[in-house]
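What follows is one chain in structure tokens, specifically the form predicted on its own.
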């Protein structure tokens, strides 16, 4: 790899990292505004016009608050927990194709950090590692509420990862690849060869299973049992303050952002959009593709927030019943139906 290519990759990583943090930061503002709208309130309106500087004020508060480590906590692991949570949240973006390649000065600039041929397995590996940050933090806090929240998070993630993996198997049967870049290319445009090219039309049940599991994996309501305030005070981050608490909160919103990007890429065409072939400038198509992808991501983030203020929280037995007795059988049935369909209409 030439030096210029390495510098381009580093610049792309920095930009994606910065965008992830900004999206996570303003997701907190968006969530409070959306909650206020649903509840007929105003929401944040003090810091800056319409309260748009509220995330900066909240971030400043997190930085300036006193760092407290409980006396009986396991000090080193108490710090490792939130650090691992934010790390695993950020590295998931490495395999997501954010747009088609740009051509500047005869040089091709890919808008994807790396397109490995097992991109989906990489995403699943990162998601699996994320729960270790919660488990370590909950155990190291030496608090019964924190430990219960951590155990809930681990059980929930393990349960719903199975359904999510099975839903992806049906998609792989259709696409024939594990590369997110290749999956995005296969969904070129919106209509191709007399049928819809986006995978959501080929795998509607698989998408429904995936998005339900995504809610559970990101600990979003109605699956927010690991931090259930009415039962566990604050769950796994009860004992955390200052930026260590900020890391956990940021990790949740970054996971929501990355989950939305993955769902948009796997099922909704990624950076592809209708009538893109009518535009003859490759660079303009690439730029509009990035805009289209982020529009889809923001719609998914809005949906995450909408569901939070619409559906009440499950009981834990209901959550487990849904994962093991409903989603897994449906995912297996979806694989069987996909195989039958592909055999008949091959």
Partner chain sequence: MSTFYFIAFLSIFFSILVISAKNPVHSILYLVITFFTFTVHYILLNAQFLAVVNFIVYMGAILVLFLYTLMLINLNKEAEPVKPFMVKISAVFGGGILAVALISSLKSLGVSDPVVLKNPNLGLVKNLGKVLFNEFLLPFEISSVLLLSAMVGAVLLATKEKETKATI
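This one's a predicted model, so the numbers in the text were calculated from it and none came from an experiment. Positions refer to the first chain, counted from 1.
Quick note: we don't show the form predicted together with its partner chain, though the next part is all about it.
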Q. Taking its partner chain in the predicted complex as the reference, which of 223, 145, 139, 247 has a non-hydrogen atom within 4.5 Å?
A. 139
Q | Proximity to its partner chain in the predicted complex, single hit among 208, 200, 102, 121 (heavy atom within 4.5 Å) | A | 121
Q) With a 4.5 Å heavy atom cut-off, would you call residue 171 a contact of its partner chain in the predicted complex? A) no
Q. Taking the shortest heavy atom distance, is residue 192 within 4.5 Å of its partner chain in the predicted complex?
A. no
Q: With heavy atoms only and a cut-off of 4.5 Å, decide whether residue 125 touches its partner chain in the predicted complex.
A: yes
Q: Evaluate residue 117 for contact with its partner chain in the predicted complex, applying a 4.5 angstroms cut-off between non-hydrogen atoms, and reply yes or no.
A: yes
Q: Go through 235-243, 200-208, 70-78, 94-102 and give me the stretch that gets within 4.5 Å of its partner chain in the predicted complex, heavy atoms only.
A: 70-78
